[in-house]
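The chain that follows stands alone, in the form predicted alone, written as structure tokens.
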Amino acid sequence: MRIAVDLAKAYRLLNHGPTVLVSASAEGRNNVMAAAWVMPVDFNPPKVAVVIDRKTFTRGLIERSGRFALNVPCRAQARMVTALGTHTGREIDKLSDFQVSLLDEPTASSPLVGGCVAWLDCVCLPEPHNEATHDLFLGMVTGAWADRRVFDGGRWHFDQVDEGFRTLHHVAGGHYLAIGDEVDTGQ
């Protein structure tokens, strides 16, 4: 059900503000962490920004590999998202311990989390000052995919799928809201 998303429309996968899973791989080790402070920052080429605390294990993998992926989880994955966001990869193998499946996407350079509704594969655009001072990482999107059941024709279709496919939006303290109903403006 996964479709490639035109890179000119990749920003639409994040524009509605979902919580994401940041995944990275380096030196044979994969890891995934939850992140709420993520946003698109440019259209062509598509770029994203993500805040990744210096204490996280995932950040070290990103710094070593120069790559990361943003995975957009859905309501059906809320418990997994919380588990990935409250444990560190320094102490456990989160993918194994929380039974996180990875997609087989040969063109992706970072691990993509199965069951999500969208994925963006990124290469880091080094900004040492922003990374050190603000924990802010910039990435250029090199590949984008979405679950056709919920994203097609360059837009989300949350009103046409089971509620389990709706994206999560972290509002604090492990509490999420799922994206709501579409509002028709006649456009």
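This is a predicted model, so every value here is computed, not measured. In this text, residue numbers run from 1 along the sequence as written.
Another form exists, predicted in complex with another copy of the chain; not displayed. Remarks below refer to it.
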**Message:** Test of understanding: in the model of the complex, would residue 29 fall inside 4.5 Å of another copy of the chain by heavy atoms?
**Reply:** no
**Message:** Taking any heavy atom pair closer than or equal to 4.5 Å as contact, tell me whether residue 6 reaches another copy of the chain in the model of the complex.
**Reply:** no
**Prompt:** Is residue 82 close to another copy of the chain in the model of the complex, meaning a heavy atom pair under 4.5 Å apart or at it?
**Reply:** yes
**Prompt:** Does residue 164 reach another copy of the chain in the model of the complex, with heavy atoms at most 4.5 Å apart?
**Reply:** no
**Prompt:** Going by another copy of the chain in the model of the complex, which residues of 1-29 come within 4.5 Å of it through any heavy atom?
**Reply:** 11, 12, 15, 16, 17
